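Take a look at this single chain, the form predicted on its own, given in C-alpha coordinates.
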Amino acid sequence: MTESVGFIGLGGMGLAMATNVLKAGFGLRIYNRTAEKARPLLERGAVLARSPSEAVVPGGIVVTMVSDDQAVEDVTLGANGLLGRLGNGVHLSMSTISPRTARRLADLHQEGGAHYVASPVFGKPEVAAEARLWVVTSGNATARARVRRLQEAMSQRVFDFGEDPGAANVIKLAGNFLLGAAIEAMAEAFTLVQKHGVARQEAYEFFTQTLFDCFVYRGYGALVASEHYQPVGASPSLIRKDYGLIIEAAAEGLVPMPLAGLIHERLTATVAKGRDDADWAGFAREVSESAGL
(Lines give C-alpha, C1' and ligand atoms only; values in the text may rest on other atoms or scores of the structure.)
Protein backbone atom coordinates (compact mmCIF):
# COMPACT_ATOMS: atom_id res chain seq x y z
CA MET A 1 0.00 0.00 0.00
CA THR A 2 1.31 3.46 -0.97
CA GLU A 3 2.10 5.65 2.04
CA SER A 4 0.53 9.10 1.85
CA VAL A 5 2.84 11.90 2.95
CA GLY A 6 1.88 15.44 3.87
CA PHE A 7 3.92 18.26 2.34
CA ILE A 8 3.65 21.86 3.53
CA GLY A 9 5.37 24.68 1.65
CA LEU A 10 5.55 24.87 -2.15
CA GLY A 11 8.07 27.61 -2.87
CA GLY A 12 10.78 27.09 -5.48
CA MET A 13 12.48 24.42 -3.39
CA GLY A 14 9.38 22.83 -1.91
CA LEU A 15 7.62 22.38 -5.24
CA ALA A 16 10.64 20.62 -6.74
CA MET A 17 11.08 18.40 -3.68
CA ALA A 18 7.39 17.49 -3.49
CA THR A 19 7.41 16.58 -7.18
CA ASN A 20 10.18 14.07 -6.54
CA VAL A 21 8.22 12.61 -3.62
CA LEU A 22 5.37 11.93 -6.03
CA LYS A 23 7.74 10.47 -8.62
CA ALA A 24 9.07 8.07 -5.97
CA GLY A 25 5.61 6.56 -5.58
CA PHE A 26 4.38 8.21 -2.39
CA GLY A 27 0.86 9.56 -2.13
CA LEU A 28 0.90 13.29 -1.40
CA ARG A 29 -1.36 15.65 0.53
CA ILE A 30 -0.17 19.23 -0.02
CA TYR A 31 -0.75 22.57 1.66
CA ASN A 32 0.50 25.99 0.64
CA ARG A 33 -0.76 29.42 1.66
CA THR A 34 -1.09 30.28 -2.05
CA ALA A 35 -3.09 27.34 -3.35
CA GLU A 36 -2.40 28.18 -7.00
CA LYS A 37 1.20 26.98 -6.55
CA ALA A 38 -0.15 23.49 -5.92
CA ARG A 39 -1.64 23.14 -9.41
CA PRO A 40 1.30 21.22 -11.02
CA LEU A 41 1.17 18.65 -8.22
CA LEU A 42 -2.61 18.33 -8.33
CA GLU A 43 -2.31 17.51 -12.02
CA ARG A 44 0.02 14.66 -11.02
CA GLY A 45 -2.45 13.23 -8.52
CA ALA A 46 -1.68 15.04 -5.26
CA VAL A 47 -4.54 15.97 -2.92
CA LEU A 48 -5.01 19.59 -1.86
CA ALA A 49 -5.31 20.29 1.86
CA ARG A 50 -7.03 23.43 3.12
CA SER A 51 -4.90 23.72 6.26
CA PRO A 52 -1.63 22.33 7.65
CA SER A 53 -3.66 19.96 9.82
CA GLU A 54 -5.55 18.61 6.83
CA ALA A 55 -2.24 17.71 5.14
CA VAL A 56 -1.54 15.22 7.93
CA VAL A 57 -2.52 11.57 8.00
CA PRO A 58 -2.60 10.72 11.74
CA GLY A 59 0.40 8.58 12.57
CA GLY A 60 2.00 9.37 9.22
CA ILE A 61 4.80 11.58 7.94
CA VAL A 62 4.49 15.29 7.19
CA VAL A 63 7.22 17.40 5.56
CA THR A 64 7.60 21.14 6.09
CA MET A 65 9.66 23.33 3.74
CA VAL A 66 8.85 26.93 4.64
CA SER A 67 10.73 30.20 4.88
CA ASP A 68 11.76 30.70 8.50
CA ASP A 69 11.37 29.82 12.17
CA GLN A 70 8.08 31.68 12.54
CA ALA A 71 6.56 29.97 9.51
CA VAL A 72 7.53 26.53 10.86
CA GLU A 73 6.01 27.37 14.23
CA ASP A 74 2.83 28.70 12.61
CA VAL A 75 2.15 25.58 10.51
CA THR A 76 3.12 23.31 13.41
CA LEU A 77 1.61 24.96 16.46
CA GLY A 78 -0.84 27.55 15.12
CA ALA A 79 -4.56 27.28 14.47
CA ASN A 80 -5.09 24.10 12.45
CA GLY A 81 -1.41 23.29 12.96
CA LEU A 82 -0.03 19.90 12.00
CA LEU A 83 1.02 18.81 15.48
CA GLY A 84 -2.54 18.57 16.75
CA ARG A 85 -3.31 15.81 14.23
CA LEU A 86 0.06 14.08 13.90
CA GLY A 87 -0.44 11.58 16.71
CA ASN A 88 2.58 9.25 16.85
CA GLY A 89 3.70 10.30 13.38
CA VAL A 90 6.87 12.07 12.22
CA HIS A 91 7.40 15.71 11.31
CA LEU A 92 10.29 15.96 8.82
CA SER A 93 11.36 19.60 9.08
CA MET A 94 13.47 20.58 6.04
CA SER A 95 13.53 24.36 6.51
CA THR A 96 16.58 26.38 7.52
CA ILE A 97 15.83 27.38 11.11
CA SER A 98 17.77 27.92 14.32
CA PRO A 99 19.06 24.94 16.32
CA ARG A 100 17.24 26.37 19.34
CA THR A 101 13.89 26.34 17.53
CA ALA A 102 14.50 22.79 16.30
CA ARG A 103 15.21 21.54 19.82
CA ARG A 104 12.16 23.29 21.26
CA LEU A 105 9.91 21.86 18.56
CA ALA A 106 11.36 18.38 19.11
CA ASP A 107 10.47 18.63 22.82
CA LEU A 108 6.91 19.72 22.02
CA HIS A 109 6.48 16.83 19.58
CA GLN A 110 7.78 14.35 22.14
CA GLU A 111 5.31 15.65 24.75
CA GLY A 112 2.47 14.84 22.35
CA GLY A 113 3.79 11.40 21.41
CA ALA A 114 5.06 12.46 17.99
CA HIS A 115 8.60 12.68 16.57
CA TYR A 116 10.51 15.57 15.03
CA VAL A 117 13.38 15.03 12.57
CA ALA A 118 15.51 17.98 11.45
CA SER A 119 16.47 17.67 7.81
CA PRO A 120 17.66 20.90 6.11
CA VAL A 121 19.08 20.68 2.60
CA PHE A 122 21.88 22.07 0.45
CA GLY A 123 21.22 22.89 -3.19
CA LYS A 124 19.46 25.34 -5.50
CA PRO A 125 15.96 24.78 -6.97
CA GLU A 126 17.35 23.28 -10.17
CA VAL A 127 19.34 20.80 -8.06
CA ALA A 128 16.21 20.00 -6.06
CA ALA A 129 14.33 19.36 -9.31
CA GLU A 130 16.93 16.74 -10.26
CA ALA A 131 16.70 15.08 -6.79
CA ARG A 132 20.38 15.86 -6.24
CA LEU A 133 20.16 17.74 -2.94
CA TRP A 134 22.47 16.97 -0.06
CA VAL A 135 20.33 16.33 2.99
CA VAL A 136 21.57 16.56 6.57
CA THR A 137 19.49 15.01 9.31
CA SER A 138 19.26 14.53 13.07
CA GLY A 139 16.71 13.50 15.67
CA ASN A 140 15.14 10.37 17.14
CA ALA A 141 16.81 7.27 15.66
CA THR A 142 13.60 5.34 14.98
CA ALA A 143 12.01 8.35 13.32
CA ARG A 144 15.15 8.98 11.24
CA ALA A 145 14.99 5.41 9.96
CA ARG A 146 11.32 5.81 9.07
CA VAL A 147 11.85 8.93 6.91
CA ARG A 148 15.03 7.74 5.21
CA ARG A 149 13.38 6.53 2.00
CA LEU A 150 11.54 9.82 1.72
CA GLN A 151 14.77 11.80 2.15
CA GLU A 152 16.49 9.63 -0.46
CA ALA A 153 13.72 10.40 -2.95
CA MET A 154 14.72 14.07 -2.81
CA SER A 155 18.50 13.81 -2.65
CA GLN A 156 21.73 12.36 -3.93
CA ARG A 157 22.89 11.58 -0.39
CA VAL A 158 21.74 11.81 3.22
CA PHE A 159 24.21 12.66 6.00
CA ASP A 160 23.26 11.64 9.53
CA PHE A 161 24.29 13.76 12.54
CA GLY A 162 22.75 11.73 15.33
CA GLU A 163 20.10 12.23 18.00
CA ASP A 164 20.34 15.98 18.75
CA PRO A 165 17.55 17.62 16.72
CA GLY A 166 19.56 20.85 16.56
CA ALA A 167 22.68 19.27 15.06
CA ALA A 168 21.50 19.20 11.45
CA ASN A 169 20.53 22.86 11.65
CA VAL A 170 23.97 23.80 13.02
CA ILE A 171 25.52 22.06 10.01
CA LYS A 172 23.17 23.94 7.67
CA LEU A 173 24.10 27.29 9.19
CA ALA A 174 27.82 26.45 9.09
CA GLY A 175 27.48 25.46 5.44
CA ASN A 176 25.74 28.69 4.51
CA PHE A 177 28.46 30.61 6.33
CA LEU A 178 31.13 28.81 4.30
CA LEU A 179 29.30 29.60 1.05
CA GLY A 180 29.07 33.28 1.98
CA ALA A 181 32.73 33.35 2.98
CA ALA A 182 33.67 31.93 -0.43
CA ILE A 183 31.58 34.58 -2.20
CA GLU A 184 33.12 37.36 -0.10
CA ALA A 185 36.63 36.05 -0.75
CA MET A 186 36.08 35.87 -4.51
CA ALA A 187 34.45 39.30 -4.58
CA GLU A 188 37.47 40.84 -2.87
CA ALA A 189 40.00 38.90 -4.97
CA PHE A 190 38.32 39.61 -8.32
CA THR A 191 37.91 43.28 -7.41
CA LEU A 192 41.60 43.45 -6.49
CA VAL A 193 42.75 42.06 -9.84
CA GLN A 194 40.30 44.28 -11.75
CA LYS A 195 41.64 47.41 -10.07
CA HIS A 196 45.11 46.33 -11.20
CA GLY A 197 44.12 45.82 -14.81
CA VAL A 198 43.45 42.06 -14.92
CA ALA A 199 40.05 40.87 -16.12
CA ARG A 200 37.83 39.28 -13.49
CA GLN A 201 37.02 36.42 -15.88
CA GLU A 202 40.71 35.60 -16.36
CA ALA A 203 41.20 35.37 -12.60
CA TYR A 204 38.12 33.18 -12.27
CA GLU A 205 39.30 30.78 -14.96
CA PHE A 206 42.77 30.48 -13.46
CA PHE A 207 41.70 29.88 -9.87
CA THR A 208 38.89 27.45 -10.68
CA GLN A 209 41.28 25.32 -12.74
CA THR A 210 44.02 25.32 -10.09
CA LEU A 211 43.85 26.22 -6.39
CA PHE A 212 40.05 26.34 -6.11
CA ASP A 213 38.87 23.67 -8.52
CA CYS A 214 35.56 22.87 -6.81
CA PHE A 215 31.93 23.33 -7.72
CA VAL A 216 31.23 26.10 -5.19
CA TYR A 217 34.01 28.31 -6.56
CA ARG A 218 33.09 27.41 -10.13
CA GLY A 219 29.36 28.00 -9.66
CA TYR A 220 29.27 31.10 -7.49
CA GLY A 221 32.56 32.32 -8.96
CA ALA A 222 30.98 32.53 -12.41
CA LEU A 223 28.36 34.90 -11.00
CA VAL A 224 30.90 37.03 -9.16
CA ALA A 225 33.29 37.19 -12.12
CA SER A 226 30.58 38.21 -14.59
CA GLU A 227 28.70 40.34 -12.05
CA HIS A 228 25.51 38.88 -13.50
CA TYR A 229 23.50 37.40 -10.65
CA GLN A 230 20.81 35.47 -12.47
CA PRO A 231 19.03 33.10 -12.22
CA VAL A 232 18.06 33.47 -8.56
CA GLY A 233 18.92 30.40 -6.50
CA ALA A 234 18.03 32.10 -3.21
CA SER A 235 17.23 35.75 -2.62
CA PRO A 236 19.41 38.11 -0.54
CA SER A 237 16.57 38.63 1.95
CA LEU A 238 16.20 34.89 2.52
CA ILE A 239 19.91 34.33 3.13
CA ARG A 240 20.09 37.50 5.24
CA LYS A 241 17.61 35.71 7.50
CA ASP A 242 19.98 32.73 7.63
CA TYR A 243 22.89 34.98 8.57
CA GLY A 244 20.82 36.37 11.42
CA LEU A 245 20.48 32.77 12.63
CA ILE A 246 24.23 32.22 12.24
CA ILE A 247 25.02 35.29 14.34
CA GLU A 248 22.42 34.23 16.94
CA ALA A 249 23.89 30.73 17.19
CA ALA A 250 27.40 32.17 17.42
CA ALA A 251 26.34 34.42 20.30
CA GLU A 252 24.71 31.50 22.12
CA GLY A 253 27.89 29.45 21.77
CA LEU A 254 30.28 32.34 22.51
CA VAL A 255 31.89 31.96 19.08
CA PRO A 256 33.37 35.14 17.62
CA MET A 257 32.38 35.22 13.91
CA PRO A 258 33.35 38.64 12.56
CA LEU A 259 33.17 37.50 8.94
CA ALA A 260 29.56 36.41 9.45
CA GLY A 261 28.81 39.90 10.71
CA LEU A 262 30.41 41.47 7.65
CA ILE A 263 28.45 39.26 5.23
CA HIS A 264 25.23 40.04 7.12
CA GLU A 265 25.96 43.74 6.60
CA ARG A 266 26.63 43.16 2.88
CA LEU A 267 23.28 41.37 2.57
CA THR A 268 21.52 44.10 4.54
CA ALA A 269 22.87 46.76 2.18
CA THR A 270 21.87 44.67 -0.84
CA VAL A 271 18.29 44.32 0.40
CA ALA A 272 18.12 48.00 1.42
CA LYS A 273 19.09 49.00 -2.14
CA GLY A 274 16.19 47.00 -3.56
CA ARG A 275 18.37 44.30 -5.10
CA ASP A 276 16.34 41.35 -3.82
CA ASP A 277 15.47 40.16 -7.32
CA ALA A 278 18.97 38.76 -7.92
CA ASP A 279 20.79 35.77 -6.49
CA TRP A 280 22.10 36.27 -2.96
CA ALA A 281 25.68 36.16 -4.31
CA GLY A 282 24.87 39.64 -5.61
CA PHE A 283 26.06 40.97 -2.26
CA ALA A 284 29.47 40.80 -3.96
CA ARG A 285 28.51 44.08 -5.69
CA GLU A 286 29.03 45.79 -2.35
CA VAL A 287 32.74 44.96 -2.59
CA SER A 288 33.07 46.30 -6.14
CA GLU A 289 31.21 49.48 -5.31
CA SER A 290 33.24 50.12 -2.19
CA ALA A 291 36.31 50.00 -4.45
CA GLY A 292 34.83 52.60 -6.79
CA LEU A 293 33.86 50.21 -9.56
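Heads up: residue numbers just count along the shown sequence, starting at 1. What you see is a predicted model; the values in this text were computed from it and never measured.
Only in words, not in the display: the form predicted in complex with another copy of the chain, which the text now covers.
Using a 4.5 angstroms heavy atom cutoff to another copy of the chain in the predicted complex, none of 80, 86 and 141 count as contacting. Interface membership of residue 45, defined by any non-hydrogen atom within 4.5 Å of another copy of the chain in the predicted complex, is ruled out. Of the heavy atoms in residue 107, none are within 4.5 Å of another copy of the chain in the predicted complex. Another copy of the chain is not drawn, but in the predicted complex it has no heavy atom within 4.5 Å of residue 102.
In the predicted complex, no heavy atom of residue 225 sits within 4.5 Å of another copy of the chain. With the partner omitted here, the stretch from 188-196, 88-96, 110-118, 146-154 that lies within 4.5 Å of another copy of the chain by heavy atoms in the predicted complex is 188-196. Within 4.5 angstroms of another copy of the chain in the predicted complex, the stretch 134-167 places a non-hydrogen atom from each of 134, 136, 157, 159, 160, 161, 164, 167, taken in sequence order.
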